[in-house]
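What follows are structure tokens for two forms of the same protein chain, given separately as structure 1 and structure 2.
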Structure 1
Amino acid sequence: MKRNLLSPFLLAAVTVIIFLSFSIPTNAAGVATEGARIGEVVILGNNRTGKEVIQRQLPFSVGDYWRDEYLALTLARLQALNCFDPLSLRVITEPLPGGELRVVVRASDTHLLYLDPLEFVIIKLQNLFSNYCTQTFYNPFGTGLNLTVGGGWGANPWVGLGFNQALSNGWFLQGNLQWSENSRQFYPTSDPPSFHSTGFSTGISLLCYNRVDCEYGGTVNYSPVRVALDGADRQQQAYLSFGPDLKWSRWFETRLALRYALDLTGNFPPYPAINAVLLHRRPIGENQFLTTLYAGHMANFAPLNRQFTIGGFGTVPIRSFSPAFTGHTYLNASLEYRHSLSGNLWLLTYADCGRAWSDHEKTGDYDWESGAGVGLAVETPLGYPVRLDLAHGLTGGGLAWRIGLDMDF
């Protein structure tokens, strides 16, 4: 691999400077209603979801005094229900005679099978190209329960079931059960580290949207599988992992997940792990500059099939490489500039740099890898764009492209 065409240290320096130079925004507009008494709450559009399901998620009721943060918090909770039309979801305050407020919550149920038909088609096409398919049934009983089924085929077949149940006061319960057969090979491409596993993974999470800028919760996962590491004989493995999750968003966005994993069969050692993401969005006129730092660490004796995987267009991107770097530790930075063109177009440029550290004997050549690319994003009526990305490796990798919806745009 070619080395260091884009110095990781330069990238790191730029990243740090950007994070340190964030500006604290002034108070949001619309404070005129702060402190006014809520005289009426109108809930509209819910013809399948019970009104009480929505009411349970509202951080206010009639007679309370309105606080501006209720707006974003209510929206976050209703979005987390994931069964309302995202384009018409609104929380509106409007003046009533006498200085009171009317709060209008517009939460329209969607089709049972999709939030939007265009999104459905695009996502299903994406799924099919990636050899899997999932389907969510949005709140079929009107109780705030979404059900998901899915399956994959090809080299790594899987089937899975999932649910998301809205509780109250911003609490949500999520769970999944999945059977999979998983064969993975990592970099380097010649004589790669590899594993093969077959078995179940089941998890349950409790998540709370308690404040505008903070989400927290916890996850328990149990994964009994038979695993063969680097062609060795299969062994039983049954990791039980648990730990808290935290997301904090204000001047920048932070996501943190802590885990402790314990193999109940005793064949593999227990280990702790931590995952963190730091994201800063800087508006430049109508344009936007995004800086993201990704980091993760776990004990270096964690088995290969439990270690981190980074690269590709995945959650920890190095977009000109395959998602095939494995390790017990990783560090990654991404810079992305989104230039608003006329109409609904965005021109994108980005650069990624990252590496994984592994104690595996075959990963001795791992080093910092970097890539850069350009893209075009076209806004859709769904509220997020379809984007086409073309990335080129600066330290190896190759030319990679992807087309798909970017729900985090």
Structure 2
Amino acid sequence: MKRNLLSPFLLAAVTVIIFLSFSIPTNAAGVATEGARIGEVVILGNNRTGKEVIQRQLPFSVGDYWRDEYLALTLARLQALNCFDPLSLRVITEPLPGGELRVVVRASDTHLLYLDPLEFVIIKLQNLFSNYCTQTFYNPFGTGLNLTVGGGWGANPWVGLGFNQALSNGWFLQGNLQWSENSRQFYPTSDPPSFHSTGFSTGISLLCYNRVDCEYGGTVNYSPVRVALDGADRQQQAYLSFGPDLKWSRWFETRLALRYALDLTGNFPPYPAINAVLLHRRPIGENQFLTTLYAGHMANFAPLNRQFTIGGFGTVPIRSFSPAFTGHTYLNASLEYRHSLSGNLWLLTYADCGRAWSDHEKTGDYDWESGAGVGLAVETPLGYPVRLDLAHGLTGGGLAWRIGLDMDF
């Protein structure tokens, strides 16, 4: 693993973020009275988003009886709209004559580009260092529609367009179109399996915030590409994949994705696939201990460019290793302890262990790999912290670091 050194610029950026996050309040709040009848709903602060867009996402209306869970569900849906400054979101109840309530929803629109200083310093510069850049145009027409454009350069160039449209009752529609040229080499490094593909990927997803502890939806993807597997001649491939998604969180957090993939050209066989994540957060005073299990399985005859990839600081982490383990099955476990140094500063320690299984003739050297590391996380006004991680491989790999915003902190 190539060793990277922190630049003075990045250290300065972390210092600026620490200062900002200690100086600005971070929590949206509300006050509610369980069981009281709602007599009036008032929406304030929005100067571009239509009130009807917000009203369609409210889990209550005039005449309903207020329930405590409405507060968190309303905030979750307004955040999912991705139209408002996170610091502006408020849901407050006020008494009316006769024992009824007035519900006041405050949500200030972000401007079209929304180049928040924290987002610019951390996300934009991190992306530029990784040879890509994206920009979202937030709600340009006032209808709850956000547009995203982006592109990458270097060894694996790509160009993409995306959108996120708010519907009603907690439903959101997302879509993307991307052209890319992708070359990958996987472990083992002595004679790695590889592929090269060129073509498009499109996707449409529906997601519903039904309750505070439940999200569900479905995804359809279509990917017509020309692919050369392990040095063989290129073939046409056009997989249509579809299936449901579920996220449930109460005593523990569960994410489940089921897919069935069908090659419309008939050159490759269809196959099913499943991904699962199980996360348990255990509070220890002001501290936290997290246990996360990751698992995935698909048919072993799925083509190499469609199989799972794990490792690195990715969605299935083995920190201190490159994201280059591929296979039709994987199993991974991560442990992380978060020690609170102050109200919004955390010291982190963690360890990962996992492996992938593959029937490819060149992947017989796969074994269990593990790594461990330390980190520092600082809460930000965006609602999630910026964290700096330094990890080292216990069974190989090397020294690796990362700085970024952790959405699931």
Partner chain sequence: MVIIMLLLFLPLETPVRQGKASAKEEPVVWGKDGVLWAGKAWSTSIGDLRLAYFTGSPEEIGAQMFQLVIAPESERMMEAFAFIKQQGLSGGFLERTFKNFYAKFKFIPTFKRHLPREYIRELEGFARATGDPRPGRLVNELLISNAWQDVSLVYGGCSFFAAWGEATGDGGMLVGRNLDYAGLAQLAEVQSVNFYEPETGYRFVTVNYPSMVGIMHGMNEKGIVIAKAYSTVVPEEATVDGIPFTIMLRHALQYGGSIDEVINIIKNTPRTVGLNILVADAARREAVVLEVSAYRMTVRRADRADADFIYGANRFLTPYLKEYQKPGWLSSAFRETRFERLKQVYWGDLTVEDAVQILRDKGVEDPDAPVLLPSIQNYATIASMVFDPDRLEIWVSAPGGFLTTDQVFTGISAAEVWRTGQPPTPVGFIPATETTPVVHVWQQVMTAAGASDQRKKELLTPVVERYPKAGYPLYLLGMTCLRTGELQAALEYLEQCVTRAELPDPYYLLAAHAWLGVGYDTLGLRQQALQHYEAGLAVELLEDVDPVFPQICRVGLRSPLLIDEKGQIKQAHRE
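We call the rigid core the largest set of C-alpha positions that still match within 1.5 Å between the two forms. Along the sequence of structure 1, residues get numbers from 1 upward. All figures in this text were calculated on a predicted structure; none of them were measured in a lab.
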item: Of structures 1 and 2, the form predicted in complex with its partner chain; value: 1
item: Rigid core fit then T93 CA moved by 2 Å or more between the two structures; value: yes
item: Between the two structures, C-alpha offset at S342 (rigid core aligned, Å); value: 3.3
